[in-house]
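The chain below stands alone and is given as structure tokens, in the form predicted alone.
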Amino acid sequence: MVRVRFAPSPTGFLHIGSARTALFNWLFARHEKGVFILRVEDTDKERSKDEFLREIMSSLKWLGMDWDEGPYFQTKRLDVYRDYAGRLLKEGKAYEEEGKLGGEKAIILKMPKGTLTMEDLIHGPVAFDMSLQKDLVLIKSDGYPAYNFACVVDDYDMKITYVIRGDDHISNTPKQLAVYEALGIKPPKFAHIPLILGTDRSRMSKRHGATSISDYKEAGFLSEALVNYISLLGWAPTDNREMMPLAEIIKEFTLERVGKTGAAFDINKLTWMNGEYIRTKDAKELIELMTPVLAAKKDLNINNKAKLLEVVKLFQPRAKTLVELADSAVFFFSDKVEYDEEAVKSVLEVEGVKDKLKALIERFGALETFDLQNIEDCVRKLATDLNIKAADLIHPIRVAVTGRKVGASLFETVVLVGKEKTLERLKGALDKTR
């Protein structure tokens, strides 16, 4: 049976690169009907923190990556590592060395000579000249295992059959192969996936979008859109589709279709894909997802769920993120309009706008039925009477009522704002006009 693992260190938050590694392991396990294991490599006493562990686990759950076993913690397996190291010591394959700062004696593995090879499932055969490798620390003088030793012991004990990880771990492979050889055990199959790059093909950094998964969640990205996008960073389905439900990704995912070169992370492409997912989402579900965003804003009355549903449906075709969708809805549920300064300057402060708004206030006030058709007819009739373009009225109305220059259909927006509040805002905007 296929058994794979994701083994984060709780020394930082879960980022795109690590999330992609976890996802490829998870997809492979689900495709092969195997086991996905979560192992926490927490032996860095200085840098490991509970807050990082909580964020990593919550981010994995948010992305939908459920684990079948674990989490296992390396700090709870210290006796296991000492037993394996002690065995190598007795067999003469390792030796002890006094620690520089006192404490216990470190246990060091004698590295083999010659060449060690492996058949990487992504890159093919790889050979390592072991004369370039120094003897390997197994147990440090503080009693904790070194990474490359604990990793091998864990993978063996947990019966890991495939190690799927980033290219940056290739340099660890000869050290780990030496441990496998010394212990007399068969290593798992290795698949080193190319690193994620920025759009300029340099190694991904914060300027390219290398922030934590929780940051993407807070920015209003949908988990399914993020999973869809990062699954395509280095892997492609047989028909090169971009929008794929998770079930189809699992069905198609194989290591054979993982590329050998680095994939570029493009925040604009991710944002586009997120918008596509928002457009196909059920509006009621979107309300549930964006409610926490709206609830964090002050002085909003969002108790009218029917109106909120209509607002979401109005802006859903345009929104790229949940935050953008929530921001679009704010002015409907607030008593105060927050004006964009540039919109006021370029639209409301134009000569003659005051008289146009006064005429609009009079015409709107006379409407007995404040619905879509009557509002549009009213605006277009007034434009004809004033011998101006309808746009010369539409733009000032939008800024006066919403505070912004762009948005969804103006007439639908005004209907949802309602007659009383629309008139109130048109009157309030007079102070900003000329």
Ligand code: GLU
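One-based numbering along the sequence shown. Keep in mind that this is a model prediction, so the values were computed, not measured.
One more form of this protein exists, namely the form predicted together with this ligand; it is left out here, but the text below deals with it.
Visitor: I'd like to know whether His169 contacts this ligand in the predicted bound form, with contact meaning heavy atoms within 4.5 angstroms.
Guide: His169: yes, in contact with this ligand in the predicted bound form.
Visitor: My question is simply whether Val4 lines the interface with this ligand in the predicted bound form - judged by any non-hydrogen atom within 4.5 Å.
Guide: Looking in the predicted bound form, residue contacts with this ligand do not include Val4, since no heavy atom lies within 4.5 Å.
Visitor: With heavy atoms only and a cut-off of 4.5 Å, decide whether Tyr147 touches this ligand in the predicted bound form.
Guide: Tyr147 belongs to the contact set for this ligand.
Visitor: I'd like to check something about Arg165: if you look in the predicted bound form, is any of its heavy atoms closer than or equal to 4.5 Å to a heavy atom of this ligand?
Guide: Yes - in the predicted bound form, heavy atoms of Arg165 and this ligand come within 4.5 Å of each other.
Visitor: Can you check 215-223, 127-135, 147-155, 261-269 and let me know which stretch has heavy atoms within 4.5 Å of this ligand in the predicted bound form?
Guide: Within 4.5 Å of the partner lies stretch 147-155.
Visitor: Since exactly one of Glu55, Glu32, Glu376, Glu41 fits, which has a heavy atom within 4.5 Å of this ligand in the predicted bound form?
Guide: Looking at Glu55, Glu32, Glu376, Glu41 one by one, just Glu41 meets the 4.5 Å heavy-atom criterion.
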